[in-house]
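The chain below stands alone and is given in C-alpha cells; this is the form predicted alone.
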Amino acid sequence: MYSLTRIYFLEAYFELVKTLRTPSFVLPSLLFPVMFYLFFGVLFSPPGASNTSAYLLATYCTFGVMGPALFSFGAEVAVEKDRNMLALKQISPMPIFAYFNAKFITSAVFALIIILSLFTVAATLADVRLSTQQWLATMAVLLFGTLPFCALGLWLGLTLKAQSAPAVVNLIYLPMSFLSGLWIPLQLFPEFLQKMAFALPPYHLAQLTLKVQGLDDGHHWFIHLGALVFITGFCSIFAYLAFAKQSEA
C-alpha cells in the first residue's frame, strides 16, 4: 500500500522521465533561451555593457521559464485529454491533483535548468556581476513566476483539442513574449504598445526580476506581484470550470 507522499513522488518522477524522453520538447525548451541570450546578451552586446547583459538576462530567463509551463500544461494536457489518459487518471485511486502536481514539478525542473544555464552564461561570458542574494532572489522570482503560465497552460490544455493546442500555445507564447519587451526593450516600442505590455503577465514577471537588479521601469513591486497573482487566480478559475465540464462529459 503506497503512502500519499510516495504516490505524488512517483507520479512526478515518471512525468519528468517521460518528458525528458521527448526531444521535441526538451531541445527547444532548453536550447532556445540560451541560444538567444548568447546572440543578444553576449555576442551583440557592446563591450563593457554589463547592464545590458543583466537586463537581457532577466528578460530571456522570463522567456525561458514560460515555455515549459505553457507547453507542459497546454499541449500535453490537451493530448492526454483527447487520448482519454486524463479520464483514466480520474478513475484510478490516485488523487487527480497528483497528476497536475507532476506537471508543475516537471515545468519547475525545466525552468530551474534554464535559469542555471543562463546564469552560467551571463556570469562567465557576459560579465554580469550580481551579489549572492541577487542571484538567489532572481531565481526565486522566476520559479514563482512559472505559476501564472502553468495556470494559463492548464486552461488552454483543458479547452483546446490536441491537434490545435501546440499551434495556439505558440500563437500566445511568442507574440506575448515580444509585446512584453522580452526580446526588444519596451522603450523602443511605440507608446501604445508600451501601454499594452502592462496587461501581459511576462511583462510583470520580467519587471519583478529586473527590480532585483535595480533595472526595472520603476513601478512598485506589489503592482507586478498583484498582477501575477490575479492572472494566476483568473486562469485557475477557468481551468477548474473547464476540468469540471470535461469530468461531466
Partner chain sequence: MPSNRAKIYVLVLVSLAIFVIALLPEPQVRTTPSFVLNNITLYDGATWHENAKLTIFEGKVINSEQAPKNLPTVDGKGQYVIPGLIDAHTHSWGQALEQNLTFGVTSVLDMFTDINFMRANQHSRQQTTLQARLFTAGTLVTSKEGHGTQFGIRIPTIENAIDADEFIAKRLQEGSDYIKIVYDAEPEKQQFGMRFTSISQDVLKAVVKATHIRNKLAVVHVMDEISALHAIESGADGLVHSFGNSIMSTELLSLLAQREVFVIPTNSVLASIGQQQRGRKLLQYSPLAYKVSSHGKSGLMSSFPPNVGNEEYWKNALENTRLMHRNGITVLAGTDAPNAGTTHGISLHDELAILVEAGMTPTDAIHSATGAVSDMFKLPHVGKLLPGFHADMIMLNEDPRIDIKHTQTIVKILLSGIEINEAELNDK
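Quantities reported herein were computed from a predicted structural model and do not represent experimental measurements. Residue numbers count along the first chain shown, from 1.
Note that the form predicted together with the partner chain isn't included here; everything after this is about it.
Heavy atoms within 4.5 Å of the partner chain in the model of the complex map, among the stretches 176-184, 189-197, 27-35, 64-72, onto 189-197 alone. Contact with the partner chain in the model of the complex, defined as a heavy atom within 4.5 Å, holds for exactly one of 87, 96, 136, 167, namely 136.
The contact residue chosen from 130, 172, 79, 160 relative to the partner chain in the model of the complex is 130, the criterion being a non-hydrogen atom within 4.5 angstroms. At the 4.5 Å threshold, heavy atoms of residue 215 reach the partner chain in the model of the complex.
Although the partner is absent here, residue 14 lies within 4.5 Å of the partner chain in the model of the complex, judged by heavy atoms. Interface residue remark: residue 144 is not counted as part of the site for the partner chain in the model of the complex, having no heavy atom within 4.5 Å.
Contact annotation: residue 6 falls within 4.5 Å of the partner chain in the model of the complex, judged by heavy atom distances.
Although the partner chain is omitted here, in the model of the complex all of 116, 120 and 123 have a heavy atom within 4.5 Å of it.
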